[in-house]
Ligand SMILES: CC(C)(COP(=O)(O)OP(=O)(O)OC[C@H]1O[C@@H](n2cnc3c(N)ncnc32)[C@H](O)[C@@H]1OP(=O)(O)O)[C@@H](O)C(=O)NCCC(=O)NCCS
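We begin with a single chain expressed as structure tokens, specifically the form predicted on its own.
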Amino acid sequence: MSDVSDWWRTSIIDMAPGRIQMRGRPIEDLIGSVTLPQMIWLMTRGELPSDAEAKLLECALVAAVDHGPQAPSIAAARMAVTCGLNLNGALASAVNFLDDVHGGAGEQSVELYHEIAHCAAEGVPLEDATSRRIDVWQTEKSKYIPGFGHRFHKPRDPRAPRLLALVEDAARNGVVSGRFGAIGTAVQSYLESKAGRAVPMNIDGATAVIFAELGFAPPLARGLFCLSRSIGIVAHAWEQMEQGGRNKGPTPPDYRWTYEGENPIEQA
């Protein structure tokens, strides 16, 4: 039977009739004794965090729950509901929108922070390590630096300062090192010096600081964001169900798109 039993191999869960163990811990012991952030940590990392670590993770998850129906993923969920999908279908449709452009900046920010940290660990001063790695990023990957600036929130994203303050508190109390908080601040300073204007850290850059401080790998940063945003997605999909509506597109029916082909129809 080994060819069958070894088809899937996991260290996450062991299960037999009447017994469920998550990472070696009976589920009945976990129920009522650990929080959801602690459970997320246990499942993804294989161990339970301290209460302070779990609290900091929870803060990042809370901050990214929703950003309004103009966010593509939220809009997708609401449109899906008006097309007849149930909550699970709306959730799946919306989460599939969370890719590199809309939803990937947190993962990318953690990647950049790690590159800067690695450069600094080789003895390069933080300011120089920051400028070097940003220049490489913009040359090899994208002119866009993930986690900084915001097309809607001016002059600053209100979520970022609060999260950074919590990181500073955690660093003072020995919960995290504070190294990635300093890196995030260094990135902001460098970008502002180049642009000659404010380029404040946004929610993606701030949650990336927390995920990096807590030791989550970059791809998990995107997974954690999906978990967080799923709460807002479900809330909006449920609200749309209660409101009703059928076949709602991205704009009201009386508005038209820009037609660029031959023989346009005159519109009143």
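Being a predicted model, the structure only gives us computed values, none of them experimental. All residue numbers are counted from 1 along the displayed sequence.
Not pictured, yet referred to below: the form predicted in complex with the named molecule.
Participant: Thr139 near the named molecule in the predicted complex, any heavy atom under 4.5 Å?
Facilitator: Thr139: no, not in contact with the named molecule in the predicted complex.
Participant: With heavy atoms only and a cut-off of 4.5 Å, decide whether Asp204 touches the named molecule in the predicted complex.
Facilitator: Output for Asp204 is yes: heavy atoms within 4.5 Å of the named molecule.
Participant: Mark Ala90 yes when one of its heavy atoms lies within 4.5 Å of a heavy atom of the named molecule in the predicted complex, and no otherwise.
Facilitator: No, Ala90 stays farther than 4.5 Å from the named molecule in the predicted complex.
Participant: Decide whether Asp169 counts as a contact residue for the named molecule in the predicted complex under a heavy atom distance cut-off of 4.5 Å.
Facilitator: No.
Participant: Do heavy atoms from each of Lys143, Gly147 and Lys154 fall within 4.5 Å of the named molecule in the predicted complex?
Facilitator: Yes, because Lys143, Gly147 and Lys154 each have a heavy atom that approaches the named molecule to within 4.5 Å in the predicted complex.
Participant: Just to confirm the contact call: exactly one of 190-198, 75-83, 90-98, 111-119 touches the named molecule in the predicted complex at a 4.5 Å heavy atom cutoff, so which is it?
Facilitator: Correct option: 190-198.
Participant: Answer with one of Ala129, Ala105, Ala160, Ile183: the residue that has a non-hydrogen atom within 4.5 Å of the named molecule in the predicted complex.
Facilitator: If I apply the 4.5 Å criterion carefully, the residue I get is Ala105.
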